[in-house]
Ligand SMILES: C[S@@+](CC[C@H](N)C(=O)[O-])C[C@H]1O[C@@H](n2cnc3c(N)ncnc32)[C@H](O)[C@@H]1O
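One chain comes next, on its own, written as structure tokens: the form predicted on its own.
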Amino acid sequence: MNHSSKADLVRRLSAPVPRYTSYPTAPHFHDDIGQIQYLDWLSGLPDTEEISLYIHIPFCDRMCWFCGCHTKQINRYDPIPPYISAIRKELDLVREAIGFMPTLRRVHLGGGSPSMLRREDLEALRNTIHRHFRLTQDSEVSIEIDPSDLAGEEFDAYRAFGITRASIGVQDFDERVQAAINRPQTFEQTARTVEGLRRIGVGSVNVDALYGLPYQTEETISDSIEKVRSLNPDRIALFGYAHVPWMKSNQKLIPEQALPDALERLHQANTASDMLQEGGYVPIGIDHFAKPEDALAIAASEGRLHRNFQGYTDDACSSLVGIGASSIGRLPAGYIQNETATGNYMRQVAAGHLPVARGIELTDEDKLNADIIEQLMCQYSFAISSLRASHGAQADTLAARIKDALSADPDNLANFDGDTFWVQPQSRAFVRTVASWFDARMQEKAARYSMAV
């Protein structure tokens, strides 16, 4: 295949599709789901249910122009303590609705920049969590960190909170790229953060890096990945920058003429992936890497990998409770998203209401398609026989659906032997596109997504 043909193929197969961190995807959530349904779903959890918590801190002291998260810039700390009080009140309401003290397998502080939190607020939050949930020695407690937030004394606060895993935002170390995304951060700052976390006994450190940023080239990303490798993290998340300025106004500040095209993005991703694997990291799905002895790599090798709004995970809990403004939770019955605006969120909680803004109840068809898409995203394959065991007759139409999909697959992205469907090894970069073939809701509502690669 000549360069022009390859470029045309990559551009066509990179057409925007969901990232599939959930199914159904968030554009299909609606406001017919509210507090009544959420209370019913929480109270219906069996008393043996183990759950995970995602707690959203929607504040930053600097707005990164590439960011697609629900967050806002603040210039002083004053708004944070009242917000932490609202989070603690929401935890009270959730625990009351559940009706028993569940075991907590995971706690993840995300944002925004939860590394902005001061020791007294972390302590108050931890006390509330321990009052309502049972943590064990195996419970994982993680936090997202912007190294520029840290002065040094925060590490003792993280030790007291019980942090066992940390995710450090890097994105890119090239100064020109950093200037274009408003994310100045030196390698030395980042190295000091990793050293501080190791010093307090944090056993798993993840680093987030991005490709597809303005002014990135294969050379600059190679230099950044080499620096990332030198930090010796346990995991590395290598995300493709999702340029969605129609959703995130801060991204309008990104110079679009400096963004790489689809073929350049693929070359950057492949260059970084090759370097990480040469450094001993195991590829996990489309955008994660881990040391072979890491729990994520072990879960992937044993077929226990899952995918949620934080990316790939070995968390097997079927109940993920979202806490805080804009947080999304997943229960066996469906998805829930909280009020996005912090003011609305805090008013709802103060009034004693679970601050639900929207959600979706899962149908049997949704559950089947969600299982298919997750298996494709995690393992690049699924077997009808296995799905039939867990979904019954709902899986009986799959063979016909697969044949229809393959008949419209001129690029030979996937194959099927009558039971197992798999993505061809050379086509794995386009697994999101293949997964979209099993997204029965794609045509229900017009939505704009990021590039598939």
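Note that residue numbering follows the sequence shown and begins at 1. Please read all numbers here as calculations on a predicted model, not as lab measurements.
FYI, the form predicted in complex with the ligand isn't displayed, but the following is about it.
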Going by a heavy atom distance of 4.5 Å, is residue 240 a contact of the ligand in the model of the complex?
-> yes
Would residue 66 count as touching the ligand in the model of the complex under a 4.5 Å heavy atom rule?
-> yes
Using the partner position in the model of the complex, report whether residue 336 sits within 4.5 Å of the ligand, counting heavy atoms only.
-> no
Would residue 366 count as touching the ligand in the model of the complex under a 4.5 Å heavy atom rule?
-> no
Which one of 235, 106, 183, 307 is close to the ligand in the model of the complex, taking close to mean a heavy atom within 4.5 Å?
-> 183
Listed residue that, although the ligand is not shown, lies within 4.5 Å of it in the model of the complex (heavy atoms), from 121, 264, 208, 294 | 208
In terms of non-hydrogen atoms within 4.5 angstroms, which of the given stretches 188 to 196, 225 to 233, 140 to 148, 320 to 328 touches the ligand in the model of the complex?
-> 140 to 148
Just give me the residues of 88 to 125, first to last, that have a heavy atom within 4.5 Å of the ligand in the model of the complex.
-> 111, 112, 113
